[in-house]
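A lone chain, given as structure tokens: the form predicted alone.
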């Protein structure tokens, strides 16, 4: 059980790290706590959801499980690109005009953008949670013989009493049914010549994927920041934006790219989150966004390695501490307090080391 909770914590921590990277990169450049970053994560989750539900990439004629992997690959890229572009648009419209108006104005703007995006999501996609669409394996009806080895479905459109057209999965063949001539004729009379079976992803497989994705992204971000021309511009702008501007660096371009990269990575976390927890809703980014901010502070906000380490530490702490309190000390309601435990953990870190684990004290000449 301890290993299971540890893996849960690492998977959750990797998602926190994906979000925290955006917080720490933006703060490192313009010293802004972008509280709308959780909404970029939420929009990425919605884009991934619609790609997985509607693109039907699983129909591609490739050996299994390649169509399912391709479906997730496209969903991840689409979610990341849309989240990144939304972040660039938000920076240009909302943040750039108040960049020199002081930190309080920028902070209030970030809170306002967060609430605005939440309400737009409610109006566009509705307030009700949507279930994660399970991957599908399609079969031509003629290819199925004898006793059915799984439940097989087909999609059918119908109109609700409010006049809205929705698509619903209809169970056509139950596991164990014999596909005789009568059964085939009944299905064909309903207008279906192919069916699909649903593939349920195990929680462990999703956790391994998220952890491996974080491991894969870490060297990419390191290379971007340490070995590319734009990465050097980011570091220069972080050290002294005015001096960097005098050296010919386009600060606006650097800031826009930083927003894009941070939100791009958050989009990956959004798809991973709905695959792990099974639903997407307009408030999806609020609490994970706050916890990711906590992770960034724990690791040392402004430090990319710190954001990764802080995310993993917070995820493991949120999974293991309630487990220990319940199993060792007999506190039955420990898991109901896991959110409070996460923020209490932040307070402890700030009391012991206010700059975070990898943060450095900032000195200002006065």
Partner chain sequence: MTLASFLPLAIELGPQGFWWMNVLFLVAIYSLLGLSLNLINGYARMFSLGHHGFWAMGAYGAAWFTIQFHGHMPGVPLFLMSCVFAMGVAAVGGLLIGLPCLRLRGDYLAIATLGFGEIVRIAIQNSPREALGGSLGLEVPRVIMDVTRKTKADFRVLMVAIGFVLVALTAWAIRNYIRSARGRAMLAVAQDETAAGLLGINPVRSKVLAFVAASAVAGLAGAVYAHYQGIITPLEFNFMEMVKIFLIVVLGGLGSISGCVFAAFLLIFVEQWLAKLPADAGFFKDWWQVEYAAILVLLMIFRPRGIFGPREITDVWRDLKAKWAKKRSAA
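Numbering follows the first chain given and starts at 1. Each form is matched to the other, and the largest set of C-alpha atoms that superpose within 1.5 Å is called the rigid core. As the structure is a prediction and not an experimental result, all values here were calculated from the model.
What comes next is about the form predicted in complex with its partner chain, which does not appear here.
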I need to confirm a contact call. Of 190, 123, 128, 149, which residue comes within 4.5 Å of its partner chain in the model of the complex, counting heavy atoms only? 123
Using a 4.5 Å heavy atom cut-off, which residue among 113, 86, 206, 76 comes into contact with its partner chain in the model of the complex? 113
Its partner chain in the model of the complex: contacting segment from 47 to 55, 60 to 68, 309 to 317, 329 to 337, heavy atom within 4.5 Å: 329 to 337
Contact label in the model of the complex: residue 286 to its partner chain, heavy atom within 4.5 Å: yes
Can you tell me if residue 26 lies within 4.5 angstroms of its partner chain in the model of the complex, counting non-hydrogen atoms only? no
Please run the contact check for residue 346 against its partner chain in the model of the complex: heavy atoms, 4.5 angstroms, yes or no? yes
Using a 4.5 angstroms cut-off on non-hydrogen atoms, would residue 109 count as touching its partner chain in the model of the complex? yes
Output flag, 1, 201 and 211 jointly within 4.5 Å of its partner chain in the model of the complex, heavy atom basis: no
Taking its partner chain as it sits in the model of the complex, which residues of 85 to 99 have a non-hydrogen atom within 4.5 Å of it? Please list them. 93, 94, 97, 98
When the rigid core is used for the superposition, does residue 349 move between this form and the one not shown (threshold: C-alpha shift of 2 Å or more)? yes
